[in-house]
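Coming up are structure 1 and structure 2: the same protein chain in two forms, each one given alone as structure tokens.
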Structure 1
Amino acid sequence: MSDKEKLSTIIDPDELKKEIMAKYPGKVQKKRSKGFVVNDPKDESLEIQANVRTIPGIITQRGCTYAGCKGVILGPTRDVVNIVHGPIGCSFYAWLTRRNQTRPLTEEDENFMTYAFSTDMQDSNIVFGGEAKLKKAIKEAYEMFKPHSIAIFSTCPVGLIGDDVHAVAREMKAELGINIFGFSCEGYRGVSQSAGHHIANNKIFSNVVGINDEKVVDSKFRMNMMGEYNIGGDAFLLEDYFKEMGIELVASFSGNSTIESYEYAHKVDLNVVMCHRSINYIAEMMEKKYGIPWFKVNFIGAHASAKSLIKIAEYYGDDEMIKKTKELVDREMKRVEEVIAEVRPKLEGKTAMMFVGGSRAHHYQELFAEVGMETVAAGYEFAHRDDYEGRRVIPNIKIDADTRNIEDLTVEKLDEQFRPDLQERKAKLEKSEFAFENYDGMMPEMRKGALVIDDISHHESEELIAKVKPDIFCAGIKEKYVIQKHGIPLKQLHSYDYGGPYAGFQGAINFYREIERMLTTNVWKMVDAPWKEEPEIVGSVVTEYC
């Protein structure tokens, strides 16, 4: 291999990029080239275009703003009735489609996650307005379920006809006496799901966080976990680790969560952030208002989990907690290393591609690396530049018209509840190079020559599969069956198919075993895509006259 590293011994990534881009018209090619880069972790001038609208006509993996707000951020919260204001088609995503799991403390505790609440707007509501129907739906939901709170989610038609969900929420809140709030999260409002995350963060922070100051949280060590959505039970494992360390997890945004816990989430000593893109907004706002420090963690991958747990213990600085944490890590890593020794010989040298949302396209590279596999191409559906290049680039990111559609909250220090002691602890730790408010991004941790692709298109996926022939492709349900018809196994990293948990140490073991099963079976060699033999579907029109 030459000094310039390649995707493999036969593929030059620069030439591959040129070949893929050449199929596009000139203007499209120019735009897509900015979102399709050959990585060089040492080149700090390397820039990727992200968080821009998808080019019309290109099929990509993205979802809409409503999906990010309702499905991702509020979907895993069990004690809130989430009413989708719009046609029933949008409400498919109001149901439990992402395998978010929850564990009510008692049989009597509320759990509305498996319900689909919708106003089911009809043509007449589109013409004459749907606010009356929304009020009726809120009253019915309250009478039937007596929920702790109700949230309203606007879909595209609602924004187009001008229904004021916020006015309805205020009116019904006053009438029913529970917390009711709305989200202007129409699908078209932003570039992707990311806008919905931001909108949800803003409303939860302004309407929920901090409104319960009566709750007493008297544990010695208190923490919130953010950006962990308990897909397949991930959060359950992490909660056990925290309990063993002696930490009370006050609120989880949003896996295995309750709105009630968000109300007193300001009574903690630390916020840790898993998915940087979806939840960093609340972490930043809570620090400004309450003085609660935050830092990035990663519980995907055994070594990453170990580092994150030890960093949390070091933040608290309690000798007994540090001792317990190291014992936990030593015990669990022995189990992990036994499985790695068993499966690595079967997987070493194999290649992976992953194009998923959140931080998963970054975090899961850790798991593959632990069994000797290489990630040759990766990217996000809805990232911003800082997710790729790190938070150092945030001051240089241009604010565009789509971003201006999202409310920019003004957050001020709340003197009576601000925690100067936590800021003093933070300043002391920073002197010893303890990193807060930091994320280096995905690109610095990917090797030279790997492809980093934002908002990958169907054409680009097919070309990569044909030219690079990865051993496994990681994406979502929309891509799954097309990829598998190429004879390439696809692992869903949005909903884990029917697997998981994959977080923490046991999660890493589960993932190694799952990938071993997928890559040592011969079934994929037997798959022959139907379009190889019949590349065209030819139709005919027959006209009959009576």
Structure 2
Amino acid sequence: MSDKEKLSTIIDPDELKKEIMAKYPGKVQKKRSKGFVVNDPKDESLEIQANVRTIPGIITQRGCTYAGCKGVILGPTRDVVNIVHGPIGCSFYAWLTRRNQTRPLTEEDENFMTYAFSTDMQDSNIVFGGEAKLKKAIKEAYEMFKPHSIAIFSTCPVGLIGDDVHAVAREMKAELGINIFGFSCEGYRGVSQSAGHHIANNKIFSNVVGINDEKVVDSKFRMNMMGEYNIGGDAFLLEDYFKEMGIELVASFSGNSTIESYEYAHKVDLNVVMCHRSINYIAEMMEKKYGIPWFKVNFIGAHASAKSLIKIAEYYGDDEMIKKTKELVDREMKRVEEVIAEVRPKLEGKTAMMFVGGSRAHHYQELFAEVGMETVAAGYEFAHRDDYEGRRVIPNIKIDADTRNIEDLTVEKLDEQFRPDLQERKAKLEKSEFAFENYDGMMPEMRKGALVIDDISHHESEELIAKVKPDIFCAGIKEKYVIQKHGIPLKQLHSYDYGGPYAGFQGAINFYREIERMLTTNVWKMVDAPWKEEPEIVGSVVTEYC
């Protein structure tokens, strides 16, 4: 055991928490303590505070509601022109900054992802209203591209001056004859991006999903994938697996996707959910309305991917598919095991921390575990309690003003399109402990004494690093240079540091290699100049094996 490993086990997590909290003034301390939990996977009464407002002046990595709606959910969809209604910055900053990839089927296929449309409001629009300008912008976009659809995103000032983007959308839709819809996703509406996900889910569900019932979708096995955003080409790998299994992927919400495919996305037999936080709403609503079952999958980590693929095959219950899937898994796992055997001895016993997203901080723990690394602290940026503690706590989650702000759609069963056959299949499978509508969250899978921290602040991450000295820290670009100044390598799990894909089997291999590279770099050895009298080892990660 290296000194550092000892350190991470010697430290008493409760003491550490006390120390970190002690630096906050009373009120802040009280609030932050609830979002900073020492884990015990067996203790069902353990609660974490999540999805509450960040305290003003405490620096957060969270974005706004608009970012969640436009950037996350609608960002990766290529056949929609996204018009940001507001002053210029909001649009500019969301212009092609996520690394979603897309693959139009032909050269002529629409792809508007590279555009940043904005009404670029000026003071006269703020004073006299911006609806007229918005209408003009919509007409322009229509004339320029004749796009499949147009979406309008409201930014903060819009809500305040009272522009009715929905009325504008309806009017323009009637006039231009394409689908046009607006989102009331002003940045202040919610606690974080998460509110924007919900708002996006609602609108996509009510204005897009199911509007094309004519389209013939008649392959034998049909599925939607949800909550996969095709960062670094993750979805492309998964699409290949599904193809090999004989499944038609009808729509993906929303990596490598089109609005057009959402319109007939109700013609599937199954929805699988990757990122529970951002997309569970649509999955739930589709089940209510159309009777399509959903369950949670995870394609981050080779073992998790194998399990998820086999579960999908078992759901369909088709012998041929099960056989093909097992072959696929065996073939791929062989390659994966070879790399693990090579990499694991170098990484075994190292520690990781990850603070990111609404599902990644959970999913990536599997990948690290496969190479023998332990996650000693983790947390989300914009998740809710169910993402930590599991869906079982949903009925107990306190509804605060921010949550109430976002409409919960009332969805009713649509008799003519409802699929009782799928519900029967679900009931049958449930008897054999096949889980649907499931997500157990991050906490049950982390060890006792690990720290679970929601919306971690700079102060907290600095202290954690100083005291626990993890070997690697996973977060995003905003934390990257802070953490690296501490001498700890940071792996970006939003944009993958321009690497990837990391999903599925090849993705797992890519990730192991990447972590090996990061933990064996020579850089940290050079921190101290040779003429320094007592060299301090700053990034002690490397000294053992290179």
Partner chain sequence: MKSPHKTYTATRNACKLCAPLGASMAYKGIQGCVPIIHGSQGCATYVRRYMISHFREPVDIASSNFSEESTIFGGGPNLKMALTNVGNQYKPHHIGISTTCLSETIGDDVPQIIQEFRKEQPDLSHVGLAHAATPSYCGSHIDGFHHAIVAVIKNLSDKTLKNDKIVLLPGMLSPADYRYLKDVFDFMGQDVILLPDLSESLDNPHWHDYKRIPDGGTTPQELFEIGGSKGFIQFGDVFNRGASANTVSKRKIETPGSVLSDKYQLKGKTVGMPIGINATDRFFEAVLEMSGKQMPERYEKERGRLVDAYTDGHKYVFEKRAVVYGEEDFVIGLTEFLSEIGVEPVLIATGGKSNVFESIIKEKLQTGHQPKIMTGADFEEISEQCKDVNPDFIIGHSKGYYISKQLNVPLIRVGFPIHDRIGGQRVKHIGYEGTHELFDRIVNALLEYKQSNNAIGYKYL
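Rigid core here is just the name for the largest C-alpha set that superposes within 1.5 Å across the two forms. Throughout, residue numbering runs from 1 along the sequence of structure 1. As the structure is a computational prediction, the values presented were derived from the model and not from experiment.
Please match the form predicted together with its partner chain to structure 1 or structure 2. Structure 2.
Compare the position of the CA of A22 between structure 1 and structure 2 after a rigid core fit and state whether the shift reaches 2 Å. Where the cores coincide, A22 shows only a C-alpha shift between structure 1 and structure 2 that is less than 2 Å.
Against the rigid core, is the Cα displacement of V527 between structure 1 and structure 2 at least 2 Å? Where the cores coincide, V527 still shows a C-alpha shift between structure 1 and structure 2 that is 2 Å or more.
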